[in-house]
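One chain comes next, on its own, written as structure tokens: the form predicted alone.
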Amino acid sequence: MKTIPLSAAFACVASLAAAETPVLDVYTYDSFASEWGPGPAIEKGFEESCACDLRFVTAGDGASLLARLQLEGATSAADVVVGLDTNLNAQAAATGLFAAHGQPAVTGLPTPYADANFLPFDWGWFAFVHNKSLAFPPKSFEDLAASDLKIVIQDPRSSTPGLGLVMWVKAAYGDRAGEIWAGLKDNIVTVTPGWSEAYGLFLEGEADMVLSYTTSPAYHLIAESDDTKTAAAFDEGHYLQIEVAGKLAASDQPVLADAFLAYLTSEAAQSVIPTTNWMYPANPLAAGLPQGFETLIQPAKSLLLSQEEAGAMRDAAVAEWQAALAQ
């Protein structure tokens, strides 16, 4: 009779247990899965209900997520993608990689939105964040272009906020968008690949303002007890970002994927969003928003191109941005 060393036996049992535990691979952007983002709490909560292993795989910003999916195609290991938005949905749908999510419509968005493949999980308004000590904050893009203020923005080819800014200018100014970008050229200190790099430069004092969200000052107020930040209210209105999640048609865990999407829009997960992702939840919270959100600016006008419009004009709008900054 042969005996198996105790350590080998434990390793064997652990290996079998791991093999029997289903794994759900969720592609998302870096800050979502970071230790200060919503990912850890959502992972913990979902795993308590699913008897599974939820594994986040990060790929930079939202636009980088889509690029990775396009590269991997039907062979992608992803079961769910979290972090695309309505500016990318048409392009994402065109890949044929997504299946219908089958979830109830969310009810907390400021504008009607429904899509069979993409489920909203949070939303916010883009804005330029600055210190309250800024003497004369601009009230429009034209004000900003006419000023000596220095700004940091994100690249629309790799960043959903960067693309959102391009769409914001396009939605507000139409055929004059190129003119607005030409005026803003001298204000731009640098263009970063993603949001984190840009916001970090602003906090280090490298710019007067940074492209972010109207909700960003809530982070400083709630997490840091710092009320020195605010967002500039623009007369043209503010462009909405609606972030979405989608299930991959080739997922080998379709039931788990459905369960995760349901959890993502549940009270348990939605209540995490405001003070981790610093966005508005897609479904209203029973207890309301955390204290501090009432101090944020409320844009008088919301701008949002339909995902079909955004998809049709995306490449031309980005090319217009590039051409203006290259002059």
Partner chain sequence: MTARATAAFFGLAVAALTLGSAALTAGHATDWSLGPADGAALRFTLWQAGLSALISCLLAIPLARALARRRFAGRALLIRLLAAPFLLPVVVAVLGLLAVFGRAGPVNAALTGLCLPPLSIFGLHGVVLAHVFLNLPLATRMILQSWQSIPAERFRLAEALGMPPGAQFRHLELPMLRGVLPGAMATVFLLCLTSFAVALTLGGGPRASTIELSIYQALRFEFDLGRAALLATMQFALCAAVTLATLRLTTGAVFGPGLGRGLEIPRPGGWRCGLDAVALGLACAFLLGPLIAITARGLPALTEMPPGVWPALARSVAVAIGSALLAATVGLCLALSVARGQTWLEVTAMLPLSASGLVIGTGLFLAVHPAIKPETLALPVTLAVNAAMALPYLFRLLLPETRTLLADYGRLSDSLGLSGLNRLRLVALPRLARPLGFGTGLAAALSMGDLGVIALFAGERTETLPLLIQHLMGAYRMEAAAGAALVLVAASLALFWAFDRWGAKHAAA
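Numbering follows the first chain given and starts at 1. For clarity, a rigid core is taken as the largest C-alpha set superposing within 1.5 Å between two forms. As the structure is a computational prediction, the values presented were derived from the model and not from experiment.
What follows is about the form predicted in complex with its partner chain, which we do not show.
**Q** Only one of 111-119, 97-105, 235-243, 181-189 gets a heavy atom within 4.5 Å of its partner chain in the model of the complex; which is it?
**A** Of the options, only 181-189 has residues within 4.5 Å of the partner.
**Q** Taking any heavy atom pair closer than or equal to 4.5 Å as contact, tell me whether S196 reaches its partner chain in the model of the complex.
**A** Yes.
**Q** Is there a heavy atom of G200 lying 4.5 Å or less from a heavy atom of its partner chain in the model of the complex?
**A** Yes, G200 lies within 4.5 Å of its partner chain in the model of the complex.
**Q** V57: heavy atom within 4.5 Å of its partner chain in the model of the complex?
**A** Close contact exists here: in the model of the complex, V57 approaches its partner chain to within 4.5 Å, heavy atoms only.
**Q** Quick one: does V255 come within 4.5 Å of its partner chain in the model of the complex, counting heavy atoms only?
**A** Taking the distances in the model of the complex, the answer for V255 is no, it never comes within 4.5 Å of its partner chain.
**Q** Taking R68, D208 and A326 as a possible spot, do all three reach its partner chain in the model of the complex with a heavy atom inside 4.5 Å?
**A** Heavy-atom distance to its partner chain in the model of the complex: all three under 4.5 Å.
**Q** Pick out the residues of 255-291 whose heavy atoms come within 4.5 Å of its partner chain in the model of the complex.
**A** Contacting residue: only W278.
**Q** With both forms fitted on the core, check whether the Cα of W195 differs by 2 Å or more between this form and the one not shown.
**A** Passes the 2 Å threshold, so yes.
**Q** Does the distance between the two CA positions of S158 reach 2 Å or more between this form and the one not shown, the core being superposed?
**A** Yes; S158 is a residue whose C-alpha shifts (by 2 Å or more) between this form and the one not shown when the cores are overlaid.
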